[in-house]
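Two forms, one protein chain; structure tokens for each follow separately as structure 1 and structure 2.
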Structure 1
Amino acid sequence: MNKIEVAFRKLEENYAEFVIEGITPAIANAIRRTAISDVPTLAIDEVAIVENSTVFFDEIIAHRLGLIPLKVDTETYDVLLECYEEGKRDDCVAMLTLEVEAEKPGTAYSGHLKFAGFIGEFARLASAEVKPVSDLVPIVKLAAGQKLVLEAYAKVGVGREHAKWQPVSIAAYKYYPEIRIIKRECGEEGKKCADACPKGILKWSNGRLDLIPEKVEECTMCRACEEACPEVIKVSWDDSKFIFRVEGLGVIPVAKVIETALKRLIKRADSFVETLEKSIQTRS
């Protein structure tokens, strides 16, 4: 088995860029899909409308509320994950309320949602809080005298059920580029090659063509340089090495998204192996 190596290029609260080496394209795609569709998060799933005199139907408001990302701390998320994996999603509920009455034309925003407490097993998280990632997500515009009062119940789910449970906006990868310069001393032809690169990865000086090492990973493998001067340069890729970019929505840190995705992927693989072994034993 190939040795797997991971090197982070960037790791921020809501963005990560890293290189994985020693895996297959199938595994790379499994990691990407798991990060998007199989990392449990919290989102509004049920809404009880108490009063609605706005121009939107109750169903539209409920739908818009569901798409507001909700932020939780790490301790709360660990309980949330435990609830989901034990099949207790209906026993782990966070309640939020909203009450807006317009004296003059205005807008109800996500910031008007107020955390009202936990229900079920979440109730043991007395000091925890659930709140929108941003207070500036518009829900509905109100004319003077209009009113919106509701209770919203957030539950645990995963992205394959509905996009509102996706923890990331982007999870993508590409092959690691391999750029081979055949003729470094190439005269004016090398200048044409360098100028053709849209990412500025190549430099030409005094008749010599070179790579700019710190920019190699920006290569999109468009092969514009190769088309401009096929006798000078060749572009390919390493199908066991991948550059990942993951952008979170702020519901949990992106590092936690990656960690949870890998753990759930490994757990599924172990379950598959265990089931396969039992099936073989039964047949024999």
Structure 2
Amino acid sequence: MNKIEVAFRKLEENYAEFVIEGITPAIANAIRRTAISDVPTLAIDEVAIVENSTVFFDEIIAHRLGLIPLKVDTETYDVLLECYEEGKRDDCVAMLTLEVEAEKPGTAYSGHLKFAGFIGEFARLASAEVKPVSDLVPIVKLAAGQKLVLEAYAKVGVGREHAKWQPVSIAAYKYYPEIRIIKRECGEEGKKCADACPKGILKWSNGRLDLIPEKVEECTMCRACEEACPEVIKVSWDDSKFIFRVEGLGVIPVAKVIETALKRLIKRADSFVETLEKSIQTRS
């Protein structure tokens, strides 16, 4: 098997761009899918409404609360992950409270949510704090005199279950582009070719068509250039090399998302092997 190589083009708290070489589309896709659907995060799952005199119905407010991304630090996250993997998600529930009363017209924001500690077996996480990624997510606008009082319970879950538990807004990749210019000296034809590229990867001057090397990775392999001048250029790709792009919601750092995704993937593969072996043993 080929050696797997990874090169990060960009790595920020909530954004990562990297190139993986030496895997198949199936593996790349498994990573992507896991990042979206199988990395547990914390999100409000149950709401007890104490008072709601706003224009929104209870269920709308609950739905909106669920979609507010909640931030946890890495250590807490590990505990939550463990809790989830042990199937004890009801034992690590974070409680938040919200109480807003409008004297003059205003808005209830996510920032009004107050963390009120963990409940359940994992309450030992007391040191941790759960708070919204942004304090400026509007929950509901209030007219003078309207009031909203509630308790919200955040639980660990995965994106497969509900989109509110997705840790990333974007996880996608593309094949690594391979562009071959067949006829460099191509005259006017080349201008057409260069103009056709929406990403501006091609350069045409004095009847000569060239690639702009630093922009090659931007190629979407849309083949617009090929359609414009099939004699001049040929676009193909390497389907064992991928440019990944992951954008986090701020719940946990993207690096952590990828790491967890991989770990979860491996764990599943391991457990598959385990089951397989066990069933082979029981048969013989």
Partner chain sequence: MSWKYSRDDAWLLVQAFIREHGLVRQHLDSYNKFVEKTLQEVVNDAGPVESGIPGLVIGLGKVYVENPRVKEADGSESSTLPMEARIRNLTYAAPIFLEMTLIEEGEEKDRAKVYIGDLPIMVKSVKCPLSKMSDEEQVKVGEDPGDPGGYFIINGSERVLIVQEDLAVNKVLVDYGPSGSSVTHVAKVFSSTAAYRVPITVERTRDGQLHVTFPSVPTRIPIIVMMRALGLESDKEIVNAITDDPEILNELYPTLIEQSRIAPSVEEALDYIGARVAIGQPKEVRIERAQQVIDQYFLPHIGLKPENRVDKAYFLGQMVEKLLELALGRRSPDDKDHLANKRFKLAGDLMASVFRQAFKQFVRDLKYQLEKNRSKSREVNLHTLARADVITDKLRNALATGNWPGGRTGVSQILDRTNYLSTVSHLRRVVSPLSRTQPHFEARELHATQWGMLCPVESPEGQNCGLVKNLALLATISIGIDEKEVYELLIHRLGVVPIKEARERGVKGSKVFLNMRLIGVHEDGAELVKVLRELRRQGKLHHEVNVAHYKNEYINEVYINCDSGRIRRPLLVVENGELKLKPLHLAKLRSGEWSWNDLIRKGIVEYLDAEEEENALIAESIDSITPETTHVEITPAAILGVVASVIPYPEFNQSPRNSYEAAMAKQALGFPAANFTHRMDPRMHFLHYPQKPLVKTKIFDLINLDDRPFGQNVVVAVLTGGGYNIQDAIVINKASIERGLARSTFFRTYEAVEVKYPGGQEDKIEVPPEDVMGYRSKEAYLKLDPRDGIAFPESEVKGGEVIIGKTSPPRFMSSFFDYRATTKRRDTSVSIRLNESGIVDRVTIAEDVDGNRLVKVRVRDPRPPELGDKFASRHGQKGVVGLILPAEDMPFTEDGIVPDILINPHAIPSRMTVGQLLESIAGKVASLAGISIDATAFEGTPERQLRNMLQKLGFRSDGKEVLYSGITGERLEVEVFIGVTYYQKLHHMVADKIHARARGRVQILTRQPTEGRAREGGLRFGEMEKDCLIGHGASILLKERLFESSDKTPIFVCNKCNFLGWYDARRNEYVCPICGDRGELHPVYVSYAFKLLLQELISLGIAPRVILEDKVGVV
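Quick note, the numbers are simply positions in structure 1, starting from 1. Please read all numbers here as calculations on a predicted model, not as lab measurements. Take the two forms, superpose them, and find the largest set of C-alpha atoms that agree within 1.5 Å; that set is the rigid core.
- Shown first, as structure 1, is the form predicted alone.
- Once the rigid core is used as the reference frame, the Cα position of residue 161 differs between structures 1 and 2 by less than 2 Å.
- Relative to the superposed core, residue 228 undergoes a C-alpha shift of no less than 2 Å between structures 1 and 2.
- Put the two forms on the same core and the Cα of residue 184 is off by 2 Å or more between structures 1 and 2.
- Its Cα shifted by 2.7 Å, residue 278 is compared between structures 1 and 2 on a rigid core fit.
- We note a C-alpha movement of 4.9 Å at residue 206 between structures 1 and 2, with the rigid core held in register.
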